[in-house]
Ligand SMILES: Cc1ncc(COP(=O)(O)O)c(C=O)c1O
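The data below hold one chain only, encoded as structure tokens and taken in the form predicted alone.
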Amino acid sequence: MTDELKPIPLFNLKEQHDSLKQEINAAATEALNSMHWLLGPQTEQFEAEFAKTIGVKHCITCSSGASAIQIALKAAGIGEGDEVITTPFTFIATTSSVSLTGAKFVFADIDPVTYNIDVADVERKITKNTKAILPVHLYGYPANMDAIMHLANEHGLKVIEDCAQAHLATADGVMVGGIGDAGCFSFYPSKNLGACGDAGCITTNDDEIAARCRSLRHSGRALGKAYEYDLEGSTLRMDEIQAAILRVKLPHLAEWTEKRRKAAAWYAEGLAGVPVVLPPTPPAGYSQSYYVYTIRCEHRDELQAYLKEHGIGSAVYYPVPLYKQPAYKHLGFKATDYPQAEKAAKEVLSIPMFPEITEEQVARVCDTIREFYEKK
């Protein structure tokens, strides 16, 4: 099969893994042989290295991006009777993590350009029970953190950033995860920095939140005490093998991010004149990490089928907004309350994006999309 006919996946995890396979295998073997399988030297070193990368004082690893949100909220004092304002246009882990603290999530609609939470609607949703804002930096595009932080400071609210898709993205010149009270990252395998399994972390500059996070991920254990528990936590630790693997990958993250941005520029050039809406250009001080490259288009489902016929991967993030999920049917949400999220769910389509994608592959994707619309 010629290169021109080879399928182009949405993500290409194998190529990246194969390029680092020897280093990854050696690191994992070293972690296994050390007999320090949890909270050992690999975890300590990765936490220090990732904190330095993001530009924060503390990084606290945990079992997933979802557990990171749960831990961070609890560490920030969010619990029973509190309300957390977030977006309905994201993965369900964002809201289920709120529920697991005993708090209630409240939806604000999204901005139709960035797909991130609409700050004006956040302000409308604030009540006496609101204790936190949980913005999601969707697709790697930073939320409007300047406005969010201003609103939070005005109302005395905590800000917990969901950075699961936004490693190395910046807002107002600062890395996401270092702006709010805490940031929550996922290292799920497909993420910009992916482990070989589930993993995540919390980043923060707040010493008290950091200490509580370290306790909460470790059954609530008191610092330096074997069987004393200051808090009621859970076993949400990241293991040493994942830490060792992430340490191999972390030095490449900046280069991989720049390659994603280069691919995005190829897409912008290749899709010029095609009747689709491209990701917005970030304002000064903001940069996108392009976890996925998401276009907005008419005849979305037909286009997706056409791409599949031509061996090109794509996905819809997210076809069913959270207010429509069966798990939340009992809460009585109305789609009419979130018109922008409702519209986006019918029109967005993510096309192949990974650091190893070539200019020729991007051109093939663009040509195929152009061909589809020329036939319409």
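What you see is a predicted model; the values in this text were computed from it and never measured. Counting begins at 1, following the sequence as shown.
Below, we turn to the form predicted together with the ligand, even though it does not appear here.
Within this chain, A344 is remote from the site of the ligand in the predicted bound form, having no heavy atom within 4.5 Å.
Although the partner is absent here, S64 is a contact residue: one of its heavy atoms lies within 4.5 angstroms of the ligand in the predicted bound form. At the 4.5 Å threshold, heavy atoms of A182 stay clear of the ligand in the predicted bound form, well away from it. Taking the partner from elsewhere, T94 is found to have a heavy atom lying within 4.5 Å of the ligand in the predicted bound form. Shown without its partner, this chain lists T203, T90, T86, S289 as candidates; in the predicted bound form, only T90 has a non-hydrogen atom within 4.5 angstroms of the ligand. A single residue from the set K191, R237, R260, K131 has any heavy atom within 4.5 angstroms of the ligand in the predicted bound form; that residue is K191. Of the candidate stretches 23-31, 327-335, 66-74, 38-46, only 66-74 contains residues with a heavy atom within 4.5 Å of the ligand in the predicted bound form. Scanning 143-180 for heavy atoms within 4.5 Å of the ligand in the predicted bound form gives D162, A164, Q165 in sequence order.
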